[in-house]
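Take a look at this one chain, the form predicted on its own, written out in structure tokens.
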């Protein structure tokens, strides 16, 4: 039988329980705001904002504050925010820019969240997860995969009686292809024989010869024999001399816009220095579907040098005050099929197998061509490129400087090889 003291105690406990439940409910309903930064075109902005709307409808207590720009100036802004410990909670990143952020402990390692199940990567293959690792930790997730791609105009190849590019073609085969296109059609085979200024072609060339652009520790160049640099530059010079590709002045004067590449104007039969996710843009420029093709193989190659890479990656700031909500958003971004359909292939072919299947089922002619090409690229890809060192942008600029001096005839390939090594060594050893 209750006495007054017992009744009072029960009332106190009941009130305390009710209060704790109310506090818990309030905590669940507490609104959290996450900052999300990305770069891109207007189309990407519109797709991303729609996905944010979808997410906020499903998770009304989590608001996403968008911070988006074009590519120009994006990294200046991110670097300034990193220096001020004010990075957005979620950051669209590129693998080649990650090293300094990881080394400065500015990104959140995702491994604990994957291990406890709050970040679901069950439908993302191991090779795709590897693209987001740095120094043995899962520092990001690849938004989608991408591969270096050339594009060719089937109608012009047919008119010239030239076989379409094949993954089995060697560099010598491709040189003959470009020359024959030029001879038969009186136009360029391509603007350039490979991605020259950015160095992607040279990366493939080195890998095929058993070398790398950077050493394993990123403190030096990864090849010792400068003859590899010389041979690569001579390959370009010989094609310039044949008239099959643009000379230095023509390259300097060419518009940088993909929609204005010579292949889109009928002034070249192919283009060689793009990526698989640019198929729609270059095809729209041409007014018809242009077909993608891989870099050539090397005769007697030591290993497969061609590669795939993440189109971009998603990272989280180590300083985020809301890691659980960040994982909720990343789960939605990477695993929600309807969100995946909105994003499409804009950030590469999705790494989630379920979303990839859904997109393929509804793919138009252009997207189907991208999916088919990525399958071919995966069958002919070597290991994932190691993480580029923090000095990579400066080293790439130094490579481009030497490339221009060679094709303008200001230096021999041998002189440029030595100068590039000297400059790159200084940059990497700092």
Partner chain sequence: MNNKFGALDSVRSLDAGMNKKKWIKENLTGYVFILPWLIGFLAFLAFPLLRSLYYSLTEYTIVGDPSWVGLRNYIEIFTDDPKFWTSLKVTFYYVVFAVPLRLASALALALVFRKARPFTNFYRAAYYVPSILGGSVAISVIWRQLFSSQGAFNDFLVAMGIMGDRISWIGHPDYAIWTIIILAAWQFGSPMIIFLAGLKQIPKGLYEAAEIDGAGKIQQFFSVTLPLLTPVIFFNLIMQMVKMFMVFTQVYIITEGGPLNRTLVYAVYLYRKGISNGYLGYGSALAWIILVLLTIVTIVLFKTSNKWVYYESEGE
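We call the rigid core the largest set of C-alpha positions that still match within 1.5 Å between the two forms. Nothing here was measured: the structure is a model prediction, and the numbers come from that model. Positions refer to the first chain, counted from 1.
This next part talks about the form predicted in complex with its partner chain, which is not shown.
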property: Residue 383: touches its partner chain in the model of the complex, heavy atom cutoff 4.5 angstroms; result: no
property: 4.5 angstroms heavy atom contact with its partner chain in the model of the complex for residue 397; result: yes
property: Non-hydrogen atom contact residue 357 with its partner chain in the model of the complex at 4.5 angstroms; result: no
property: Non-hydrogen atom contact residue 390 with its partner chain in the model of the complex at 4.5 angstroms; result: yes
property: In the model of the complex, the residue from 170, 100, 265, 215 that sits within 4.5 Å of its partner chain by heavy atoms; result: 100
property: Listed residue (67, 367, 56, 405) with a non-hydrogen atom within 4.5 angstroms of its partner chain in the model of the complex; result: 405
property: Region of this chain that lies against its partner chain in the model of the complex, out of 108-116, 284-292, 244-252, 175-183 [heavy atom, 4.5 Å]; result: 244-252
property: Within 4.5 Å of its partner chain in the model of the complex, all of 79, 83 and 426 (non-hydrogen atom); result: yes
property: Core-aligned C-alpha movement of residue 195 between this form and the one not shown, 2 Å or more; result: no
property: Core-superposed comparison between this form and the one not shown, residue 291 Cα displacement 2 Å or beyond; result: no
